[in-house]
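In the block that follows, a single chain appears as C-alpha coordinates, in the form predicted alone.
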(Lines give C-alpha, C1' and ligand atoms only; values in the text may rest on other atoms or scores of the structure.)
Protein backbone atom coordinates (compact mmCIF):
# COMPACT_ATOMS: atom_id res chain seq x y z
CA UNK A 1 0.00 0.00 0.00
CA UNK A 2 1.27 3.47 -0.74
CA UNK A 3 1.71 5.83 2.20
CA UNK A 4 -1.23 7.89 0.95
CA UNK A 5 -3.67 4.96 1.08
CA UNK A 6 -2.46 3.28 4.27
CA UNK A 7 -4.91 3.39 7.14
CA UNK A 8 -3.33 4.65 10.38
CA UNK A 9 -4.80 4.48 13.88
CA UNK A 10 -4.71 7.71 15.87
CA UNK A 11 -4.56 7.54 19.68
CA UNK A 12 -3.55 10.62 21.69
CA UNK A 13 -1.61 10.00 24.91
CA UNK A 14 -4.54 11.52 26.82
CA UNK A 15 -6.85 8.68 25.77
CA UNK A 16 -7.39 5.23 27.28
CA UNK A 17 -7.51 2.07 25.22
CA UNK A 18 -11.02 1.79 23.72
CA UNK A 19 -13.34 -0.75 25.39
CA UNK A 20 -13.71 -2.69 22.12
CA UNK A 21 -11.64 -3.21 18.97
CA UNK A 22 -11.72 0.26 17.43
CA UNK A 23 -9.46 3.29 17.15
CA UNK A 24 -10.03 6.76 18.60
CA UNK A 25 -9.27 8.04 15.12
CA UNK A 26 -8.32 6.65 11.75
CA UNK A 27 -6.47 8.51 9.02
CA UNK A 28 -6.24 7.45 5.38
CA UNK A 29 -4.72 9.90 2.93
CA UNK A 30 -6.15 13.31 3.77
CA UNK A 31 -9.24 11.94 5.55
CA UNK A 32 -9.39 11.67 9.34
CA UNK A 33 -12.36 10.07 11.06
CA UNK A 34 -12.59 10.74 14.80
CA UNK A 35 -14.52 8.02 16.62
CA UNK A 36 -17.24 9.03 19.05
CA UNK A 37 -15.63 10.74 22.03
CA UNK A 38 -17.23 11.23 25.43
CA UNK A 39 -16.46 13.56 28.33
CA UNK A 40 -13.83 11.44 30.07
CA UNK A 41 -10.96 13.28 31.72
CA UNK A 42 -7.45 12.55 30.37
CA UNK A 43 -6.33 8.99 31.08
CA UNK A 44 -4.45 8.19 34.27
CA UNK A 45 -2.65 4.87 34.37
CA UNK A 46 -4.37 2.38 36.63
CA UNK A 47 -7.56 4.45 36.94
CA UNK A 48 -10.88 3.75 35.28
CA UNK A 49 -12.11 6.45 32.87
CA UNK A 50 -13.79 9.27 34.79
CA UNK A 51 -16.40 11.72 33.42
CA UNK A 52 -15.44 15.41 33.63
CA UNK A 53 -18.45 16.00 35.83
CA UNK A 54 -22.18 15.41 36.09
CA UNK A 55 -23.28 18.43 34.03
CA UNK A 56 -23.82 18.70 30.31
CA UNK A 57 -21.47 21.72 30.17
CA UNK A 58 -18.59 19.87 31.87
CA UNK A 59 -19.02 16.80 29.71
CA UNK A 60 -19.47 18.73 26.45
CA UNK A 61 -16.35 20.85 26.97
CA UNK A 62 -14.29 17.75 27.84
CA UNK A 63 -15.73 15.93 24.84
CA UNK A 64 -14.62 18.81 22.59
CA UNK A 65 -11.15 18.61 24.17
CA UNK A 66 -11.06 14.87 23.45
CA UNK A 67 -12.15 15.30 19.82
CA UNK A 68 -9.61 18.10 19.40
CA UNK A 69 -6.83 15.88 20.80
CA UNK A 70 -7.54 13.23 18.15
CA UNK A 71 -7.74 15.88 15.41
CA UNK A 72 -4.40 17.37 16.44
CA UNK A 73 -2.73 13.95 16.76
CA UNK A 74 -3.87 13.29 13.19
CA UNK A 75 -2.56 16.64 11.92
CA UNK A 76 -5.96 18.36 11.68
CA UNK A 77 -7.72 21.33 13.27
CA UNK A 78 -11.34 22.30 13.78
CA UNK A 79 -11.10 24.16 10.44
CA UNK A 80 -10.57 20.80 8.70
CA UNK A 81 -13.77 19.29 10.13
CA UNK A 82 -16.45 18.76 7.49
CA UNK A 83 -19.05 16.93 9.60
CA UNK A 84 -19.80 16.45 13.28
CA UNK A 85 -22.34 14.15 14.82
CA UNK A 86 -23.58 14.87 18.33
CA UNK A 87 -25.25 12.12 20.33
CA UNK A 88 -27.31 13.27 23.32
CA UNK A 89 -29.05 11.11 25.91
CA UNK A 90 -31.82 13.61 26.65
CA UNK A 91 -33.85 15.68 24.18
CA UNK A 92 -34.14 18.37 26.87
CA UNK A 93 -30.38 18.99 26.56
CA UNK A 94 -30.59 20.15 22.93
CA UNK A 95 -30.91 23.92 23.56
CA UNK A 96 -28.24 23.95 26.27
CA UNK A 97 -25.86 21.90 24.10
CA UNK A 98 -26.37 24.36 21.22
CA UNK A 99 -25.46 27.28 23.51
CA UNK A 100 -22.29 25.50 24.68
CA UNK A 101 -21.47 24.44 21.11
CA UNK A 102 -21.91 27.94 19.68
CA UNK A 103 -19.86 29.57 22.45
CA UNK A 104 -17.07 26.98 22.16
CA UNK A 105 -16.66 27.41 18.41
CA UNK A 106 -16.90 31.18 18.66
CA UNK A 107 -13.94 31.03 21.06
CA UNK A 108 -11.95 28.78 18.69
CA UNK A 109 -11.58 31.56 16.11
CA UNK A 110 -12.31 29.34 13.12
CA UNK A 111 -11.10 30.61 9.75
CA UNK A 112 -13.29 28.23 7.72
CA UNK A 113 -17.10 28.05 7.69
CA UNK A 114 -18.70 25.94 10.42
CA UNK A 115 -18.90 22.21 9.72
CA UNK A 116 -22.12 20.39 8.96
CA UNK A 117 -23.71 18.74 12.01
CA UNK A 118 -26.32 16.18 12.94
CA UNK A 119 -27.72 15.63 16.44
CA UNK A 120 -29.42 12.42 17.49
CA UNK A 121 -30.62 10.93 20.77
CA UNK A 122 -29.12 7.68 22.04
CA UNK A 123 -28.42 5.57 25.09
CA UNK A 124 -24.90 5.91 26.53
CA UNK A 125 -23.27 4.21 29.52
CA UNK A 126 -24.55 5.40 32.89
CA UNK A 127 -23.50 8.95 33.75
CA UNK A 128 -22.52 9.97 30.21
CA UNK A 129 -24.68 12.66 28.59
CA UNK A 130 -22.99 13.36 25.24
CA UNK A 131 -20.81 11.78 22.56
CA UNK A 132 -19.36 13.53 19.50
CA UNK A 133 -17.59 12.23 16.41
CA UNK A 134 -16.04 14.20 13.57
CA UNK A 135 -14.91 13.76 9.98
CA UNK A 136 -12.01 15.95 8.83
CA UNK A 137 -10.44 16.44 5.41
CA UNK A 138 -6.90 17.81 5.61
CA UNK A 139 -5.43 20.20 3.09
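Since we're looking at a predicted model, the values are computed, not measured. Numbering follows the first chain given and starts at 1.
In what follows, reference is made to the form predicted in complex with another copy of the chain, a form of this protein that is not presented.
query = Quick one: of 72, 44, 79, 58, which gets a non-hydrogen atom within 4.5 angstroms of another copy of the chain in the predicted bound form?
reply = Looking at the other structure, the residue within range turns out to be 79.
query = So in the predicted bound form, does any heavy atom of residue 52 sit within 4.5 Å of another copy of the chain?
reply = Taking the distances in the predicted bound form, the answer for residue 52 is no, it never comes within 4.5 Å of another copy of the chain.
request  = May I ask you to check whether residue 68 falls inside a 4.5 Å heavy atom distance of another copy of the chain in the predicted bound form?
outcome  = Judged by the heavy-atom cut-off of 4.5 Å, residue 68 is well away from another copy of the chain in the predicted bound form.
inquiry  = Test of understanding: in the predicted bound form, would residue 64 fall inside 4.5 Å of another copy of the chain by heavy atoms?
reply    = Residue 64 lies outside the contact set for another copy of the chain.
query = Is residue 118 close to another copy of the chain in the predicted bound form, meaning a heavy atom pair under 4.5 Å apart or at it?
reply = Yes, contact at 4.5 Å.
task = Can you tell me which bits of 81-105 touch another copy of the chain in the predicted bound form, meaning any heavy atom within 4.5 Å?
result = Read in sequence order, the residues that approach another copy of the chain (within 4.5 Å, in the predicted bound form) are 81, 82, 83, 85, 87, 91, 94, 98, 101, 102, 105.
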